[in-house]
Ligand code: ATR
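Listed next as structure tokens is one chain, alone, in the form predicted alone.
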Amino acid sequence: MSHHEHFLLAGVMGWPVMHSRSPKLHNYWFEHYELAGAYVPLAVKPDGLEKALRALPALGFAGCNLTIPHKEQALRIVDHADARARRIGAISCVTVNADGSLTGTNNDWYGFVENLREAFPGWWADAGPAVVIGAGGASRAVVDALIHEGTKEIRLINRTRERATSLAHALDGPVTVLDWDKRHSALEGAALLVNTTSQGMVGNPALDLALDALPRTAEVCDIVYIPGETPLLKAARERGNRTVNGLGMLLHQARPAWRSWFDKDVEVTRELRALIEATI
């Protein structure tokens, strides 16, 4: 949908939402590309989500992003959602169509893959087994991305095995669910380790994971980006593993949204990354 003749408007819905870096990210692009528009935080409680989404067309919004805790609930509200979003079970982006209907997509998987490719030039999904810690909404996007990119073995570990098993069945790929007490030994022979939990985020305890069995050739990704280096990433870096945090995932998942909302291709520049890093 093209909005170039009008003031361009989009936002992010969450509860809470004022901590989000998304407004600074998207408003950078408005300024960088000299477009008249704004991206605003929308603090919406869960019980008000449907009314808020349905109000987007009347308020002139091209769409919005969704953050915690709205991604799964929003999937049940939008009029249309692509097959990938339905498989993942959550949406991260809503686009307002010309007729006022709402289309939901999940761009988190895209942000995850682009983050790896940027951080690890030459990365390829079938370099070896991937170990994914956690089985929440972010994990669904990460595991779906790895399946789509061609990873042949994914070892999925979660404190609650049932949730991991449900995720594995829903995504129907080469996923092996392992018990939480197997997490340390599960790293043996891995080419990629991904933490999708909030462990290690500011205010949360560090992820309880010993890296002794992890090959030093393995790449380590933590989708947390506050702090910029979690205890997991610090431990991995100090033993020689290549590491990346989740900031690039945030930056890159926003690019498909601009294509959907404004028919505009945008870039993640060094200036943009430095701008967001300065807020962390």
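Being a predicted model, the structure only gives us computed values, none of them experimental. For every residue, the number given is its place in the sequence shown, counted from 1.
What comes next is about the form predicted in complex with the named molecule, which does not appear here.
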- With the partner omitted here, the residue among 76, 182, 163, 117 that in the predicted bound form has a heavy atom within 4.5 Å of the named molecule is 163
- Since exactly one of 151, 95, 107, 196 fits, which has a heavy atom within 4.5 Å of the named molecule in the predicted bound form? 196
- Which of 169-177, 142-150, 196-204, 120-128 has heavy atoms within 4.5 Å of the named molecule in the predicted bound form? 196-204
- Query: Does the named molecule get within 4.5 angstroms of any non-hydrogen atom of residue 134 in the predicted bound form?
  - Reply: yes
- Going by a heavy atom distance of 4.5 Å, is residue 159 a contact of the named molecule in the predicted bound form? yes
- Query: So, in the predicted bound form, is residue 85 in contact with the named molecule at a 4.5 angstroms heavy atom limit?
  - Reply: no
- Message: Does any part of residue 186 reach within 4.5 Å of the named molecule in the predicted bound form? Heavy atoms only, please.
- Response: no
